[in-house]
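One chain follows as structure tokens, the form predicted alone.
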Amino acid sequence: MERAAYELVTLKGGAHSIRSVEHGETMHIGSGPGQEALELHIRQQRLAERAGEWQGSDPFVIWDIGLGPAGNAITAIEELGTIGTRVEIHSFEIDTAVLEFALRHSKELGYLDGWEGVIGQLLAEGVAFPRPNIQWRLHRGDFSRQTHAAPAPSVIFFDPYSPARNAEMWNLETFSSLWSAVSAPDAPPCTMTNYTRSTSVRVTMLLAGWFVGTGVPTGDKDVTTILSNRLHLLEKPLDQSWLSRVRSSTNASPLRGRNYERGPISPQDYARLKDRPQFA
């Protein structure tokens, strides 16, 4: 019998989540998909407030990188469904098998209950309209190897598998590609949230061009990471004390290529890091 790719697991608080058998990782392990989405992405990025204040003639754009079982996207839709602003959510996913698994277990997972029709339409047609003001698009394929046919975002949810299991999504090339999407002079202010606290990943983000700060705790993580294309949007930017610890870290080398390689930072990369504007 072929081994199942995913399985339901019960978290400490009683909520259900999904474990990838192939990657050996449980998604939203600390507090479940809906609660983690609220803590890490929705509230930290002040999503409803910023979308409600949006004055652009084009829609307010969210990039949902690593759609997975759609916990982040569904929570955002519930948060934004009563505002008047037009919203576009662009979800990127290499393999929708996990979402198809979640759809079959929507009752147990809870957060998908009632959204089965919308998810089915998204999977079948690549676009769905979960609320009158919200358009939700699915972009299939390997995000780290593609050009991204979506408008510049104001908000990014960054939620792929961990660097150890999915290094290509956390490397310098990917974060540089993301930076190019938000660094144009006419790009809107943008923030990106994710669950990592890795020194090497933060170094990679900084060298790609991003401003990087300390993010809120969620689940069993006491700290996460938030990025922006505007320094003033970060409440707790990484500072000189963090920079001084990088030099002595055994895991501070930026991630390059498609292999997860750990090691201390080189003198050349450290010199580049010190020259980043947020440490001026």
Ligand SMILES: C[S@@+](CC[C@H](N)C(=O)[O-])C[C@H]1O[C@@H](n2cnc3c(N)ncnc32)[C@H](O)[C@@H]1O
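Just so it is clear, the structure is predicted and the values come from calculations on it, not from any experiment. Each residue number is its position in the shown sequence, starting from 1.
The same protein also exists as the form predicted in complex with the ligand; that form is not shown, yet it is the one meant from here on.
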Which among 143-151, 206-214, 120-128, 185-193 is in contact with the ligand in the model of the complex, heavy atoms within 4.5 angstroms? 143-151
So, in the model of the complex, is residue 109 in contact with the ligand at a 4.5 angstroms heavy atom limit? no
Residue 68: heavy atom within 4.5 Å of the ligand in the model of the complex? yes
Is residue 103 close enough to the ligand in the model of the complex to count, meaning some heavy atom within 4.5 Å? no
Residue-level contact is defined here as any heavy atom of the residue lying within 4.5 Å of the ligand in the model of the complex; does residue 92 satisfy this criterion? yes
Looking at 172, 83, 181, 98, which has any heavy atom no more than 4.5 Å from the ligand in the model of the complex? 98
Among 27, 255, 51, 246, which has any heavy atom within 4.5 Å of the ligand in the model of the complex? 27
Relative to the ligand in the model of the complex, which residues of 154-174 have a heavy atom no more than 4.5 Å away? 159, 160, 161, 166, 168, 169
